[in-house]
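Given next, in structure tokens, is a single chain: the form predicted on its own.
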């Protein structure tokens, strides 16, 4: 694969090119920064996002770019750590029109104030943490996907409906904000509707752990009805491969919140009935995605190029780039065709409502994204050598996301039977 991360010299040359405009005041190119994990264990999640960006940007450029302007991406590896990511963001900020950043919640939280300080439009393509817009307001930062609240509330709701006899729950999540936040949200939702449920184990292995045998032994001995996990990337795959021979999946219902990413990689090694999802709606075989010819064409092109099918991080990235393109087109329409400034671009992002590859996106007045949530179970497929998602439900974003300016945990605690009565049932989205 062609490496398109720019050298310092290449960046200087492109910076000069970016100052050249055509006769109608359009820039010669639209330069963007794309932040994701390109190396290390997290690349198992980050590279599908990078691959989707590469493919979609090429397709947009082949179709004429954005109003005749081609997109030129620079990819930044988040594996260098937050300090390095901030340094790269600052280095690129002067001559990039938009940043698509980032995968890591820690990087997102660190970059958001920098983006506002430097006045760089930034679309958070994967940043899930609900802390992003909880206390801080930003002018140049928007999330083009959902947050941890609707994502992990939805898993608890699915279990409440499918396991009415649930009594004992164990949790194994990564030991940083994403893991701890998910556990809190999941537990609070269960507590609201089923206060008698007991948390019998709560484990937080470090990111990048190679062995989970100690944690698996504790989970097996705790005898939970349900094991909930938001492990991801190589950590998730290692956990499943080590837990399967120990019988954990046979003794307990296992919930893998990011489980769709390993369906192809594990195949039949992922037991039937494991609860899996996509942190949003990015499942290319959902009814909505199957009915969209553009989605299926993108999927086939992705498969032809990378010899695998896209996973939900691919669609988080692709849908974010689509949101960027749509926002530029809105800004151009608002300006009567004059190429938009950064300020005109972010004005166009505000209140954005659009269809994308897998559903819809709406940007709220607090700059957060509203995206539906898909949850289901691993189900054998006749036409594929790996499980697909069956018994699906698609929870509407408006129902499972707290209102603007409402404390999310207080909102969860306020939910009641009337809320449950509004929800679609597992298996209804087929």
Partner chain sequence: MLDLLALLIVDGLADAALIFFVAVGLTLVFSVLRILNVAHGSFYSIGAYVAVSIGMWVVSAGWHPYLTFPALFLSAALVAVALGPFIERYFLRWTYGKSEALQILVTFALFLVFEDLQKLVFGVQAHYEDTPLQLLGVSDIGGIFYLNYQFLLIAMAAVTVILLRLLIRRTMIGKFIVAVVADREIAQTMGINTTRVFVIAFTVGVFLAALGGALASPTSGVAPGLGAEALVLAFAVAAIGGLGQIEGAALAAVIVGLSRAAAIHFAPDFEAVVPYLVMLVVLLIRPYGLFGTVQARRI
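Values in this document were obtained by computation on a predicted structure and should not be read as measured data. Residue numbers count along the first chain shown, from 1.
Note that the form predicted in complex with its partner chain isn't included here; everything after this is about it.
- Checked against its partner chain in the predicted bound form, the candidates 43, 66, 400, 388 yield a single residue with a heavy atom inside 4.5 Å, and that residue is 43.
- Of the candidates 332, 220, 160, 71, 220 is the one whose heavy atoms come within 4.5 Å of its partner chain in the predicted bound form; the others do not.
- For the three marked residues, 384, 394 and 430, no heavy atom of any sits within 4.5 Å of its partner chain in the predicted bound form.
- At the 4.5 Å threshold, heavy atoms of residue 241 reach its partner chain in the predicted bound form.
- Put simply, residue 325 is far from its partner chain in the predicted bound form: not one heavy atom of it is within 4.5 Å.
- Shown alone here, residue 136 lies farther than 4.5 Å from its partner chain in the predicted bound form, counting heavy atoms only.
- In the predicted bound form, its partner chain lies within 4.5 Å of some heavy atom of residue 203.
- Look at 273-281, 246-254, 186-194, 224-232: in the predicted bound form, residues with non-hydrogen atoms within 4.5 angstroms of its partner chain sit in 246-254.
- Contact residues in stretch 255-283 (any heavy atom within 4.5 Å of its partner chain, taken in the predicted bound form) are limited to 265.
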